[in-house]
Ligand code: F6P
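Just the one chain here, laid out as structure tokens, in the form predicted alone.
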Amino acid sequence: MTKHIGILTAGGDSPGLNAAIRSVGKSAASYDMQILGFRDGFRGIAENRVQRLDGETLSGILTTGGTILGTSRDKPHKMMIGGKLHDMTDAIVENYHANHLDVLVCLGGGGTQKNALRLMEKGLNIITLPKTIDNDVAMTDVTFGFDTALGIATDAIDRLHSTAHSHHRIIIVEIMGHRAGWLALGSGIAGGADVILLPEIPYDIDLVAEAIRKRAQKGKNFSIVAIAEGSVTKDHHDAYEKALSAKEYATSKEDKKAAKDKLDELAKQQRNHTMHLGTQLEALTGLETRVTILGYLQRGGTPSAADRLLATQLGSACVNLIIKEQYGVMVAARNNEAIPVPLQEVAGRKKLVPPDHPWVETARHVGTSLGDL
């Protein structure tokens, strides 16, 4: 009998999503499978907003950024409707069966893997594909979207070099990455940043300033600092860990409130972290400092050849798994192969930069400061 595939894209948009949709659709068509797209992530299947994905719809989208299906960060069990949060899991299950689906394919990052697991536990056949520019999905070597964003961030650093050199300035480039620093680390090395600051390695502002002053003493009166948006100072990290521990072990309402207030204060400080770093470095080094925040520029535009290739490979492998009826897995990239990994091993985990990762060691060997030594 003809299999019916549902597909959705959830979380932040990412280069390569359309390539993956196209791959699943074209591979499915070669086996006479029917494929339905759901608009705007999990909200689309909760509200039964369906788009049939035929050859005409899939034509010409390989090189297009974003996602033709639209996306959202809605969670099946926490969806805002009419100003109130609702659990829409049962509605999703109902629409899955109403559309006679054999499987729902979910393209997304860490949050999507968790939400997909919840639906799997409700009895739905689920397969996921790992997408995010942060490259922080567990159990896969790489996610599609990362290579494109890496190229964009590297290009930005390249372009900022000439301005930094001409004006003898420190230029701080904020790069996406709340908890994982893969993008800042990779683009920082490739772009020749003088300082790279990562969420996984809390830094000392005095050591960063010292590294920049040493460059100035050698006649290099400019520096590029690549900072992941989730980077923190050692003092901030220690204060956060202390407040978190205080909240966990608090026994009275007063102590719990005090710990929560401290955590809220630290979170507020973090929102202006990069701008504050610029002010501090200017004061400590005497060099004029400017901040550039790349923001959503990193997520847009035409996907790179590597991301198109990866997304197409994973999408094709996804259909092979559907043929075998091998569900409840994420299609991971491992040693240039597409490997099914149980969702339980992926959901709720993040792939962070290990302090001894070869990229970290490479950065240190070429004289890049990570602000910790």
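As the structure is a computational prediction, the values presented were derived from the model and not from experiment. Counting begins at 1, following the sequence as shown.
Just so you know, the form predicted together with the ligand exists too; it's not on screen, but the next bit is about it.
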Out of the stretches listed (275-283, 235-243, 82-90, 128-136), which one is close to the ligand in the predicted bound form, meaning heavy atoms within 4.5 Å? 128-136
The ligand contact at residue 188 in the predicted bound form, heavy atom, 4.5 Å: no
May I ask you to state whether residue 220 is within 4.5 Å of the ligand in the predicted bound form, using heavy atom distances? no
Should residue 296 be classed as touching the ligand in the predicted bound form when contacts are defined as heavy atoms within 4.5 Å? yes
Given that the ligand is not shown alongside this chain, does residue 178 nevertheless sit within 4.5 Å of it in the predicted bound form, heavy atom to heavy atom? yes
In this chain shown alone, the residue from 147, 194, 200, 229 with a heavy atom within 4.5 Å of the ligand in the predicted bound form is 229
Using heavy atoms only and a 4.5 Å cut-off, determine which of 161, 247, 213, 73 is in contact with the ligand in the predicted bound form. 73
